[in-house]
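A single chain comes next, written as structure tokens; it is the form predicted alone.
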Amino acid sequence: MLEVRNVTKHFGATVAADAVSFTVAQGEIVSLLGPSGCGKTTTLRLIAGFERPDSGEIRIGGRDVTGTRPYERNVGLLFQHYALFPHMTVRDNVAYGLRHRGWPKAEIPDRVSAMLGLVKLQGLDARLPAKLSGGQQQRVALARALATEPAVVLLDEPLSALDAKLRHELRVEIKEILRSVGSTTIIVTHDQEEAMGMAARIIVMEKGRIRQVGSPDDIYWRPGNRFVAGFVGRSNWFVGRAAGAGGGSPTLSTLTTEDGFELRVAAPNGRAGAIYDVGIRPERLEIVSPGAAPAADETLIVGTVLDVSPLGAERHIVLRLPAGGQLTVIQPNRAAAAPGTGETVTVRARAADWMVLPREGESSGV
């Protein structure tokens, strides 16, 4: 339904979009994820027609729309701050796009009613936006975006203006609504939880470039580079040096860290001396009994408890390592007592849970 082909956009000396290419299938929900300034909003504006690319092509439903105006592209837009007309009622806000695009007058009331039913706002059609909550206003904006049956729906930071509890509730509702109508959707966000909770695929961007495209699980557990691994979720990172050359097939390998201890990882041995970034998610680490013996595919790390933070369903435990580094462990906040500050604990890490990435600028041996 949507094709972005080698699209580039400059603002002066800044490259906001650098040969960006991706496709979105009919009915698919895709997120553009990245930090501020990564190019995701520029890419959205290029798709919407608010900006024109310096080069490249944008196609919607097989039609080249690169040079067309926004109202000629059949896209629906949902903005961060709703962008509702304050002097218009809910009903008139939803009907605005239908009237602007020339829908038959007789069909508009039924279409508006159907949209308000879809977003669960029946009975509020005569209210002005100022009389609605933030969540209700965002539902009105979504109804307006979907009313004209757009080929592509574009959501720009749709939930960032709401509080955390409402963000979660509305995220589930919006995803359900988009699925029910089969909308082809692009969601722009810097919130990784929002992207992973709503999208079937995530496009991670940095400095105008796409760094990785994949499912939420791929992006989180199998990051393709250090930037993606560091931006999405929390991780503990070490620098590891390969102990020696291997046969090139996936097997257990030994990496020696700069802190002086050995890690057992599931990756081919690199050439002797090859350097890697090795990371592990805090929730993959497990505190074990003192004196436990490691299995062949495990690494045991000993540290001193620096801090314990109970955070609702989880507790975060920060350890000080002998060489001065830190290690964070996340475990369920169950009734079992947490280790105390100053206590020495042993942490188990399984080989398959390490992320092993060649350092950028280093030759790959993995």
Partner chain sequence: MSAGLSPSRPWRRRLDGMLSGISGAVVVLAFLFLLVPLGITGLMAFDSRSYLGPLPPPSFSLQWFERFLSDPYLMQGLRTSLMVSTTAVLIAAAAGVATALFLNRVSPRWSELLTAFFVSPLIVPPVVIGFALLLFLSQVGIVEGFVRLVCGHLILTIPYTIRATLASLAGVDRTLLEAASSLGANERRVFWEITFPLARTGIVAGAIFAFAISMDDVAVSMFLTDATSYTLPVALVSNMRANFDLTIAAASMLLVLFTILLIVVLDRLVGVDRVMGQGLHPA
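Because the structure is predicted, anything quoted here is derived from the model rather than measured. Residue numbers count along the first chain shown, from 1.
Note that the form predicted together with its partner chain isn't included here; everything after this is about it.
Picking from 168-176, 87-95, 120-128, 199-207 the stretch near its partner chain in the model of the complex, with a 4.5 Å limit on heavy atoms, gives 87-95. Only one of 151, 112, 263, 77 lies close to its partner chain in the model of the complex, with a heavy atom inside 4.5 Å, and it is 77. Contact with its partner chain in the model of the complex, defined as a heavy atom within 4.5 Å, holds for exactly one of 295, 83, 239, 243, namely 83. Residue contact check for residue 71: one or more of its heavy atoms lie within 4.5 Å of its partner chain in the model of the complex. At least one heavy atom of residue 144 is located within 4.5 Å of its partner chain in the model of the complex.
In the model of the complex, its partner chain lies farther than 4.5 Å from every heavy atom of residue 315. Its partner chain in the model of the complex is approached by residue 101, whose closest heavy atom lies within 4.5 angstroms of it. In this stretch, 176-210, not one residue has a heavy atom within 4.5 Å of its partner chain in the model of the complex; the partner itself is omitted from this view.
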